[in-house]
Each structure stands twice: as C-alpha cells, then as structure tokens.
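For reference, the chain that follows is the form predicted on its own, supplied as structure tokens.
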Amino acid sequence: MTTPLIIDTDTAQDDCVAIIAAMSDPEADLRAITMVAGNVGFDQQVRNAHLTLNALGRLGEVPIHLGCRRPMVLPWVSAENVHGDGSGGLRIDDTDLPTETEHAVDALLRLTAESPGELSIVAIGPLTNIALATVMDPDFPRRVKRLVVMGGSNNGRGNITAAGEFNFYVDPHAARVVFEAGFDVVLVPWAPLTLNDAVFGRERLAEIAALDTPLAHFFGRVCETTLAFDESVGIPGTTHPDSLSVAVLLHPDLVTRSSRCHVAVEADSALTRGYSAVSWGVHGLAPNTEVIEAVDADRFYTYLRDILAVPTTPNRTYSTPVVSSSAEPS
C-alpha cells in the first residue's frame, strides 16, 4: 500500500532530490507540490520544480500550487549565497508549463478535507503555508496523518546564524504556530542529524556521477553550487536533509534512534531567531514531536543512489545559461 503525500517546498538543490525520491519510490503517491518562499526567488523555485519533473520525464503529472511569497511577519531572506539559482543554471522552455490557479494553502485544506487522516505532508521549506492553513482552519492539523518537518537543530548549531537553521529562521512565527498546533510531527533537524548522516562526500558523488543517467547528471548539476559552499564552511560534501525527510516518511525503518520531545521555536529574539528549543523530557513539558536523532546513513545513500540509477527520458532538452534570481518575492 502506497503512502499518499504532499511536498511543501522552496525548490532548490536537495528539494529537487526530494521530489525525485517522492516521484520514483514505489511506496509513494505524490498528490501535489506546494510552493513556499524560501531558498531562492519564488519564480525560480517554480522553474526548479518543473526542471525536476522534466528530469524524471514526468512534466505535468503532479499539480504545482503556488503558495505564500513571503513569511508571515518578517521580510523574506534567501539562501542564494548557498544554492545559487538552485538548479545549476539548467533551463528548459517552460513558457507553456502551467501551475494550478488554486493557492497552495487552499489546496492543503481541500486535499486533507477530501482524505482526512490519510495524507502526510513533507515540509522542506519555511512553514508559512502550513501555518496559514492552520490559522484558516484549526481542524487542519487533525486531518494530516503525519507532518515531516525539515528544520531546526536538536540543541545544535544553526546554518544561517549560530542559533538558527534556515527554514525556521526565515519564518520563525510560522514554525512556532506549527509546533503548537497539534500535528503528529516528525522533525528532521539540521544538526546533528544532517551533518552526521546525510552528507555525501566527493567519493560518493563520483559514484553517483558514474551512473551516467539523466537523473545522476541532473543531481550533479543542482548540487554543484551547494557543494562548493558546504566545503568552504567545513562540511565535507553535499547535504541532503530534504530527501532524507521523504525517505524517513516512506521507510521509517531507516531511523535508528529517535526521541519524543517538546519542541518550541524562538520567534522574537534577534539573537536566537528561529532557534528550536528541544526539551529531552526533564523539564515537565509534554512531548509534541518525534525528533530523529540518527539514521542508517549508508542505507540512505544507497536508497538515493539506486533511485538516481534508474534511466529516464527528460521531456525537454536542457540549456544552461545562468540567470540571476535575486528579486525578493512580493
């Protein structure tokens, strides 16, 4: 029996790989992609989603819903210094590729109302869409079977400030709403989990490149800018928390250690904006989240490598001019 899911994404680099996993894994039934302001300019994120479906040879097979173009309260902050345009400069003719007219928040509410308790959501960008859906309909969290969130750190370091992981930093108010709303939450944190178990070094990246498939070539292109940044800050490879989030939903036996914890997100402090305070059970706080602490890293790598090894026929030919995507969403 497959797992029906929605991916809520700010598509760049590993978000693209997460979509590939959700479209390729026979355990997955991807019902929709919802877009939220995050990594790169909003319109570029939409292009990156189309580029990813093109690499799979499956353009137009999954509806793409455009969501919130800025955080709930604060100005948008990008990660273009990390990801570039998020696609390695790849382009296709996308002038005739439609997106849905229904707003992403409305789609989340409708789809979960049509299948209450059946759909899971993998949220791999800022949590603006998820929070707004919760504000619009307080019953929304109870209709979501499981919410897998990539974000925060488990009392570890941030990746945009000393305290803040990017997704929570961009919209800390949304993250705070979500963790207080009553979802069945699984948290895939940046540190230490991603840094320990979801980094692919040069040797593994070379093994993927040697697959010589369209998906392997696409993977290499979308990851190359991030690889250069990661290595410049001491991370020995590319980071893959977004695709790990899809993997742990579909294959929970990948998880080797997790804990039920109370997670709260700091939204009001300039110094610790987006900090995820993870209580490990000694502070009298009721657990609200399953925090993933370790996964089988070798098996996760093999999982993605095997997906990228599958031959595909892209729908359209790629070109590679690099165009800036630095405009802030309106």
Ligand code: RIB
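One rule holds for the numbers: they count along the sequence shown, beginning at 1. Treat the numbers as computed from the prediction; the structure is a model and nothing was measured.
Beyond what is shown, the protein has a form predicted together with ligand RIB; the following relates to that form.
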(message) Looking at 120, 225, 159, 134 here, can you tell me which has any non-hydrogen atom within 4.5 angstroms of ligand RIB in the model of the complex?
(response) 159
(message) I need to confirm a contact call. Of 246, 175, 150, 104, which residue comes within 4.5 Å of ligand RIB in the model of the complex, counting heavy atoms only?
(response) 150
(message) With a cut-off of 4.5 Å between heavy atoms, is residue 183 one of the residues that contacts ligand RIB in the model of the complex?
(response) no
(message) How about residue 218 - does it come within 4.5 Å of ligand RIB in the model of the complex, if we only consider non-hydrogen atoms?
(response) no
(message) Would you classify residue 87 as touching ligand RIB in the model of the complex, given a 4.5 Å non-hydrogen atom cut-off?
(response) no
(message) Residue-level question: is residue 187 within 4.5 Å of ligand RIB in the model of the complex, judged on heavy atoms?
(response) no
(request) Sort through 163-171, 227-235, 92-100, 69-77 and report the only stretch with a non-hydrogen atom within 4.5 Å of ligand RIB in the model of the complex. (result) 163-171
(message) Using a 4.5 Å heavy atom cutoff, which residues in 259-296 contact ligand RIB in the model of the complex? It's fine if the answer is none.
(response) none
